[in-house]
Ligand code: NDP
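Only one chain comes next, encoded as structure tokens, the form predicted on its own.
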Amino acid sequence: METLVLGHREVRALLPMAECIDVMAAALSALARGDAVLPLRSVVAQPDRRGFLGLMPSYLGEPRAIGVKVVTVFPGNLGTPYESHQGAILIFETENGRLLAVVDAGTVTEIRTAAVSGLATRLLARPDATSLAILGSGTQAGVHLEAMRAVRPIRDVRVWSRTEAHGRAFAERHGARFAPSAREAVAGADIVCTVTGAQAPVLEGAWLSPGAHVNAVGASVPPYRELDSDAVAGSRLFVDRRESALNEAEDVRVPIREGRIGEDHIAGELGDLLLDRVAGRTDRREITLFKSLGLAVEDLAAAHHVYARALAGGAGSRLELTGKRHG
């Protein structure tokens, strides 16, 4: 039995941002309809918490597939030759359980994370939003800039980084303006993306302008946190999945523990917005917030899209593995 192996070059070529945003919309709609199975991720932390191993299984009804992402997360890799997220997505078919493909997880995670933020921005940001603040200067900063430009006419980009040299280099590469502080980057911005590895808030609610939309992305497991409680309490909050946010997102869990908000402060999931079950932005001055955690169904849907395109175009390499009975 042959298994298709798809590396980062194939994934990047076969998963353009605009396509991925639509794939994410389909996957989150399926999740909201109940056409997916999504256990909470399992995370194994090294004793020094320098790195984590995440196991993210899921089932998706359309396209029908079952799979798992196995990924390491090493936030300290910024500035090294290695990405912070590395691993593989295994795609199985649902009739006999054959392993169809092994897909580079790092590149899928990179693109689909920003694509989900792009989807949230398409659903929640003001249509005339043109100014963008990015807090962070790593891999996600670049793909988030691409995703924001895919859904809004971005003309003004400001970036701040906890490492000034990295922030200035990012600004030069992408034609952005470097801001010496997070507050100066955020001031007056229509859209704010937080894509840091911070364990303490880098964004304060007091800095946000009326009508802003925020994508909070960088903090996906405790103790990482990017937003202060004012930012969360003062926003109309949406998540990729309610259960995941309440169990894993310190950006949401901390203000709940403080008594600033209740669980009902979550207005809905992106899938609810896509199925018109809840209202999104209610007026131009409302601040909207999308708290991203990243879901296994997003990985599975993106990887399966890459797999299908690879089959059609003859991309990738093939590996002979066991699967059929022998003897």
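All residue numbers refer to positions in the sequence shown, first residue = 1. Remember, it's a predicted structure, so these values are computed and weren't measured experimentally.
This protein has a second form, the form predicted together with this ligand, left out of what is shown; the following refers to that one.
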Query raised in the report: Looking at the partner-bound form in the predicted bound form, is R241 within 4.5 Å of this ligand by any heavy atom?
Result: no
Query raised in the report: Does this ligand come within 4.5 Å of any heavy atom of V195 in the predicted bound form?
Result: yes
Requested in this report: Check whether N247 has any heavy atom within 4.5 Å of a heavy atom of this ligand in the predicted bound form, and answer yes or no.
Outcome: no
Query raised in the report: With a 4.5 Å heavy atom cut-off, would you call P57 a contact of this ligand in the predicted bound form?
Result: no
Query raised in the report: Considering G138, P255, G87, G205, which brings a non-hydrogen atom within 4.5 Å of this ligand in the predicted bound form?
Result: G138
Query raised in the report: Of the residues S220, S131, T72, S229, which one places a heavy atom within 4.5 Å of this ligand in the predicted bound form?
Result: S220
Report task. Choose from 185-193, 107-115, 120-128, 205-213 the stretch whose residues reach within 4.5 Å of this ligand in the predicted bound form, heavy atoms counted. Result -> 107-115
Requested in this report: Just give me the residues of 154-168, first to last, that have a heavy atom within 4.5 Å of this ligand in the predicted bound form.
Outcome: W160, S161, R162, T163, H166
